[in-house]
Structures are given as structure tokens and as C-alpha cells.
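The chain below stands alone, shown as C-alpha cells; this is the form predicted alone.
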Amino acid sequence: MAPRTRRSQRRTEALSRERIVEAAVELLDTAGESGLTFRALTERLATGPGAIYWHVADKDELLDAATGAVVAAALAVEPATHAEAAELAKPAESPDSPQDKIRAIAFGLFDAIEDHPWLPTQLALQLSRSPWGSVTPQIFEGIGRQVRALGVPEGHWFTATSALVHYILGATGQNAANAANAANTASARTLAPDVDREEFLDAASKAWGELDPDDYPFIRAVAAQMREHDDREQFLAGVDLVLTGITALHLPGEQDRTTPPAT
């Protein structure tokens, strides 16, 4: 019996919770949430269901763990290692500033959602149904520490951090939805199954430009900008707008410099 016990221990050690979660992420990426079943997982891991249940109780726990693992990796991105965040930093900011770190977190989550199409739905569920779980505190803590480092008064930490979190997750989720809609539209049109982003935006821009000028003067004016915009630059511009608002409203001296004098 002793050798069998040792083999069982080795099998349990080899099939760690981390490996199960990694395999779950792989399944979610390739087959979506419906494709994440314990049968598919046991086949991928070449093991029995009992070995998996030893580490995770059910699919909900597995989804939470997969979401948490992806988010943790996204939040671990450092500003110095994220070229885009570093390039788009403002000249007046010191290296490795709180603003830089917030941009790096934002881009990390942007990339994670772009790479894992199932993630936006799971993040929305985490925020709305279980904000006390592991994922929401990770995101709020990562961004909130930088809000605190900016010098925002404590009484405004939650509001400022919430504004950033909701913008980042909302914008990244919408970008992912737009990409999915473009793909679905392309696949629905059998004449052009390989429509790419540029073609999709060009069609949308032309449609905007043909709207009634009396009813939609603004939409017609920005139609060309919509066609030519870069999703990532637009996303970071939104982050910077929120950061500018936070510093203007809450940092000592900033409000005086941004508020026009009374006349």
C-alpha cells in the first residue's frame, strides 16, 4: 500500500491547482465558457475528475480562479516593461510615477481582455455579484494604491478609484464587443467573410457621413476621425482624461490652476 500512496501523492503534486487553472484558461480561450467542462478538462490534463475536484469544487470556482489568474498577471505589468505606457507618458511626470503605473495597469487589462474574449463577462459578474471575491479587490487595490500615491485626499479615494476602474473595464469591454461585432458582421456577410477592422470602420464612417446633416451635424463632422482612430490611443486618452479630472478636483493647488477666474 505504501508505494500506491506515494504514487498518489506524486500525482496530486504534479496536478497542481495552478496547472488546472492554466488548462482552464486555455479551454476558455479556445472554446469559450460553454467549452469549459470537467470532461474537457480531464481530457486536456490526462487525468480523472477526482483529481480535479481535489483542487476545485465546481465550475464557478474554476471560472473565478481563471479570471483571478489572468487579472493578477495583467496587474503585474510594470510601466518600464510596457513600451506603449512609457511612450505615452507626459513629459512633466517623473519616471515611474503613479500616472505611469495606472497606465500600465490599464494597458495590462486592455491586453488581457483583448487576448481572452471570455474575460469581460466574468469581470462584469465579479463586479456586480461578488465584489468581495478575489478579483475586484485585486483591481481596486492595484489602482487605488496609485490614486493614494497621487496625493488624493482619503475621503475621495473610493470615488476616484471607482471612476478609473469603471472607465478602464467599460472601455476595454466595449472594445472587445466592437471587435466581436465586427467579426460577427463579417461572418454574416457571406460575400466578405474576411472583413478586417479597417474595412469595418471605413464602412461605418461612410454610413455616418451619409446621415442627414441637419439631424447629425456632429456625427458627420467626426466620421473621418472615427475611421482613422487607434483603439489603444483612444483608450489611453480616456484614462488621461479621468486622471486629469482627478488631479484637477482633488490635488492641492490644481483646482486653482484649472478653474478660470470669475468675471
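Each residue number is its position in the shown sequence, starting from 1. Note that the rigid core is defined as the largest set of C-alphas that superpose within 1.5 Å between two forms. Remember, it's a predicted structure, so these values are computed and weren't measured experimentally.
One more form of this protein exists, namely the form predicted together with the DNA; it is left out here, but the text below deals with it.
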Worksheet item: Which one, 45-53, 233-241, 23-31, 217-225, holds residues whose non-hydrogen atoms are within 4.5 Å of the DNA in the predicted bound form?
Response: 45-53
Discussion item. Just checking whether residue 65 would be counted as a contact of the DNA in the predicted bound form - the rule being heavy atoms within 4.5 angstroms.
Written reply: no
Fill in: 4.5 Å heavy atom contact, residue 70 and the DNA in the predicted bound form
no
Fill in: is_contact(residue 212, the DNA) in the predicted bound form, heavy atom dist at most 4.5 Å
no
Practice prompt. Report yes if any heavy atom of residue 59 sits within 4.5 Å of a heavy atom of the DNA in the predicted bound form; otherwise report no.
Written response: yes
Worksheet item: Are there residues in 20-48 with a heavy atom within 4.5 Å of the DNA in the predicted bound form, and which are they, in order?
Response: 36, 37, 38, 39, 46, 47, 48
Worksheet item: Quick one: core overlaid, is residue 233 moving 2 Å or more at the Cα between the shown form and the other one?
Response: no
Worksheet entry | Core-aligned C-alpha movement of residue 52 between the shown form and the other one, 2 Å or more | yes
Fill in: residue 28 C-alpha shift between the shown form and the other one of 2 Å or more, rigid core reference
no
